[in-house]
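Shown next as structure tokens: one chain only, the form predicted on its own.
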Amino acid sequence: MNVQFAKKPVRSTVLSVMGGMLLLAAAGLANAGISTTKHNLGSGAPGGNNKFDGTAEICVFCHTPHAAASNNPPLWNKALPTGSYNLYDTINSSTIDGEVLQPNAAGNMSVSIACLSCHDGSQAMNNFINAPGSGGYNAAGANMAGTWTSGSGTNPVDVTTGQLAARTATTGVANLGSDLRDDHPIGIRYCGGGPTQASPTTACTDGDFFAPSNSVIGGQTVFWVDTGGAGRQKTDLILYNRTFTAGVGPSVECASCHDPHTTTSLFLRLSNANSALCLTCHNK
């Protein structure tokens, strides 16, 4: 019996192969980008970085695909701080129009607590919920065995504790500590009021700020401050929904201005040349 099989069109095959190559290239570029920044803490990190010899992995210092922390940040691989923070509004309440919430408010946690799980200096940066390899799971988080080598310049790590070195004029600002009064406010309702999920097009009540843009994604209204261009841009400043007294609405968080996966200076979403980043939100 002579059986003939239909041949797959050459053009279709070529396009499929090209598509697969593009996806692999994109994934490789993303990983390569992070690997050159200070957020690469693994043993293969570039010179000048803080390095941990317990693993060569990069993403594991923040994320795990399995058994992640369930109470807020995406696939988060670190125990979240439980202490309270001294926030900006405690000394500047007369100049702030927006309600300010604790980063780790019970039942109303912000994404900023993910950043603070390293940057408040309270625990080792090799503290993982799900360490690489088999048998490394610990729901409360545990320090993975290994040795730290401190990076050169600012933002070094304490090689004994694995924590970021205490904040001084010479070590830089990577260790924010729990006193955040001298840092840009986080957990603050954007524009001091106005937009909420229920009324997303309500203008901001504070004329010193630009009104945020909004859209419905996954059935939920989300907010951002537009930086120009058609549609959403990677440089747009993201506002994160939190539950304020007036309802669920946009909140300024660490990741509003910082993108931990970018290679730009200070991980800023947008260059602050000529105060461009500040003036995206502030109408001055």
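Just count from 1 along the sequence shown to find any residue number. Note that this is a predicted model, so its numbers are computed, not measured.
The same protein also exists as the form predicted in complex with a small molecule; that form is not shown, yet it is the one meant from here on.
- For the marked spot (A79, M109 and A131), a heavy atom within 4.5 Å of the small molecule in the predicted complex is absent from each of the three residues.
- The closest non-hydrogen atom of R181 lies beyond 4.5 Å of the small molecule in the predicted complex.
- Although the partner is absent here, Y240 is a contact residue: one of its heavy atoms lies within 4.5 angstroms of the small molecule in the predicted complex.
- The small molecule in the predicted complex is approached by T95, whose closest heavy atom lies within 4.5 angstroms of it.
- In the predicted complex, the small molecule sits within 4.5 Å of a heavy atom of P156.
- This chain is displayed alone, yet in the predicted complex one of L116, L101, A165, C204 has a heavy atom within 4.5 Å of the small molecule; that residue is L116.
- Note on contacts: among A174, M144, A211, A105, the single residue with a heavy atom within 4.5 Å of the small molecule in the predicted complex is A174.
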